[in-house]
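First comes one chain, alone, set out as structure tokens in the form predicted on its own.
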Amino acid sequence: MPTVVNIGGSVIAPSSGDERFEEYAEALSSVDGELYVVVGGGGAARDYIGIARRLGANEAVCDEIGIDVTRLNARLLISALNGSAYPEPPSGYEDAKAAMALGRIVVMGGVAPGQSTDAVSAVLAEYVDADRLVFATSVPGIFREDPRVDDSAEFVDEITPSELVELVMKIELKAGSKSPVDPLAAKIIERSRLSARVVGGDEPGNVLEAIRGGAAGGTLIAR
């Protein structure tokens, strides 16, 4: 059965170096079965979007710029996978599913304005009937508050999709806070009855363990 992995841009591209791409390529290339990877834009996307806003671009244009950066990150990971990946980032869900016919890892970025790569991963998992969805984030799982803002935030070992929707809406409404899974992705997980796991992505080995269904830590999202 297919697996979908979302790698946050701040995880795979925390700087302009290539080390994290190589580390993830080594881990992902050892996975058996159908593997789809969605890569975020991270700091580079935020920087370019900020510049675009200052230059007067509207939000739809800013979204397109962010998508372009995610696709650049996807291309870098494809390069690091050195033949183990489909050679182009698919531009949509149907294209991604068709690309899997070659039996290689499919790596993609954003798809449409207004849709984060979190949401892309959830929709893709729904589209390809994935049995596993993994979010590799800059925090070790889901907390009841944003741990980057509140040092006393409570860690959540397991949560239902409906509880997740309620929690991330509460977190996102607070100024300066951001949940590891955004509200749209949470709603898609809820409607599709997906099981998912949120893990810290700083160590690709943790993500690999989650892909294989092992004791990867993090937070399990399940009914």
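So that there is no doubt, residue numbering starts at 1 and follows the sequence shown. On a predicted model such as this, the values are computed, not experimentally measured, just so you know.
Omitted here: the form predicted together with uridine 5'-triphosphate. The next part is about that form.
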inquiry  = At 4.5 Å between heavy atoms, is L35 in contact with uridine 5'-triphosphate in the predicted bound form?
reply    = no
inquiry  = With the partner left out here, check for me: in the predicted bound form, does some heavy atom of V120 sit within 4.5 Å of uridine 5'-triphosphate?
reply    = yes
task = Spell out, yes or no, whether the shortest heavy atom distance between P183 and uridine 5'-triphosphate in the predicted bound form is within 4.5 Å.
result = no
key: P204, heavy atom within 4.5 angstroms of uridine 5'-triphosphate in the predicted bound form   = no
key: Interface segment, criterion being heavy atoms within 4.5 Å of uridine 5'-triphosphate in the predicted bound form, picked from 46-54, 26-34, 192-200, 153-161   = 46-54
note = Among A80, V111, I105, V128, just one has a heavy atom within 4.5 Å of uridine 5'-triphosphate in the predicted bound form, namely V111
